[in-house]
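Take a look at this one chain, the form predicted alone, written out in structure tokens.
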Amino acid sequence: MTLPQLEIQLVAVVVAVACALPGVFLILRRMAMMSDAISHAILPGIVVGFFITESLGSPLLIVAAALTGLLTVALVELVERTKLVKEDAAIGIVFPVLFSLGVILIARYAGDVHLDTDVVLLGELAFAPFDRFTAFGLDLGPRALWVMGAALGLNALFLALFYKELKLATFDAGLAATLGFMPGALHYALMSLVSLTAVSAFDAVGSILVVALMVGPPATAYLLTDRLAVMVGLSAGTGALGAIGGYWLAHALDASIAGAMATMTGVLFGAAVLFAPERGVVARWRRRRRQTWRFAEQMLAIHLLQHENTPEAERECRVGHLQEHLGWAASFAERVVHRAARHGTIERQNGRLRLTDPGRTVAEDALERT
């Protein structure tokens, strides 16, 4: 592995983790769309900041873009408070206007500089090792690594300092306000971090991958656990795994690194959708399957209990009669009887089915619940 390859992967991992940390709280607050809105709507802030500073590397450009992100949040909430439209509609109104304004400003006034829609939408991680950060004559590595490292450190520090407050405000904003935790201030602080992270990642990965990394890893972690602390860790780990996997996928296919990272993020999310231990499709299918068999065994136990010690028992308590009485197919009836016998709730005697004491308890409990 060459040094540029290592540096690209480091930048990718730091970007992914920096985006994934605040993304957890966006997912939990049902505000995933807000990350999309902010990452696009800060474009006019970048353009205005560039006009003022005439430099793409000025910290003031980041500040201007972050303030535009806060303006986006404020405008969305202002439109939503009118009660004329819902939050998703308010986002759909505000961010296209601001993003279009940024595109118009670029096309009209910044056509002859390295600031175009491809840069802010797609970025290019492969160029990260060529933009170096130097201090006192020393080459300290890619500038993007230092910028995103600072964003990551700020996000991690904010989560560490205000973890309990964020947790309370996320799950019960009313209680947080009652206890004096100022959920509104926490909300805007979190949105400020989202804006800052998005604009910091623009030059390296573009806004599209920022959205993927703020939504994909947290959504994957959300499917895997219910514990917030574990969710934050899984989100960061999933983001890092998607970044490294995406880099090597792009290397193998000679494709866009940002596009491959977004693809791997989607693949990991898809795997979680299928195989998450509690919420996954496979887990839900297996749970429904177990419930189907359990219900069938209960129905069999109830049937045998109702005909126990009756004149009809000789006819009713046979496998063949279950097809007629309960409407079961022959193969299904045989499998239910086999499972019930294996679980010790029934026993076969000369072709007849008899309840055991545990089976009688199962039937009685099921009748009580109904």
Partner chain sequence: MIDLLHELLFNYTLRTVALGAATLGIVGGGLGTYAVLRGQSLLGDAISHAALPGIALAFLLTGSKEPIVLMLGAAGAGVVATLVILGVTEATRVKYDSALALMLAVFFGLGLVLLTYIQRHAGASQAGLDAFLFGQAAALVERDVITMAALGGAALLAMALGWKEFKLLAFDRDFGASLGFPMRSLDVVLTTLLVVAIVIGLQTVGVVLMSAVIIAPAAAARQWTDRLGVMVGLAAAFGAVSGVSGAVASASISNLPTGPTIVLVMGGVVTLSLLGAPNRGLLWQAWRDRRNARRLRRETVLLDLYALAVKHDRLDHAHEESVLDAMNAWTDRTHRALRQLAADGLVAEAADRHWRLTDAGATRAHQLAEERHLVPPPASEAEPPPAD
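Residue numbers count along the first chain shown, from 1. It should be emphasised that the depicted structure is a prediction, and the values quoted were computed from it without experimental measurement.
Unshown form predicted together with its partner chain; subsequent notes refer to it.
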message = Contact check in the predicted bound form: 286, 297 and 358 versus its partner chain, with a cutoff of 4.5 Å between any heavy atoms. Do all three pass?
response = no
request  = Using a 4.5 Å heavy atom cut-off, state whether residue 342 contacts its partner chain in the predicted bound form.
outcome  = no
query = Does residue 95 reach its partner chain in the predicted bound form if we count a contact as any heavy atom within 4.5 Å?
reply = yes
request  = Evaluate residue 88 for contact with its partner chain in the predicted bound form, applying a 4.5 angstroms cut-off between non-hydrogen atoms, and reply yes or no.
outcome  = yes
request  = Spell out, yes or no, whether the shortest heavy atom distance between residue 303 and its partner chain in the predicted bound form is within 4.5 Å.
outcome  = no
query = Pick from 255 to 263, 138 to 146, 154 to 162, 174 to 182: which stretch has non-hydrogen atoms within 4.5 Å of its partner chain in the predicted bound form?
reply = 255 to 263
inquiry  = Can you work out which of 317, 333, 62, 27 has a heavy atom no more than 4.5 Å from its partner chain in the predicted bound form?
reply    = 27
Sequence-ordered list of residues in 214 to 233 near its partner chain in the predicted bound form, where near means a heavy atom within 4.5 Å = 215, 216, 219, 222, 223, 225, 226
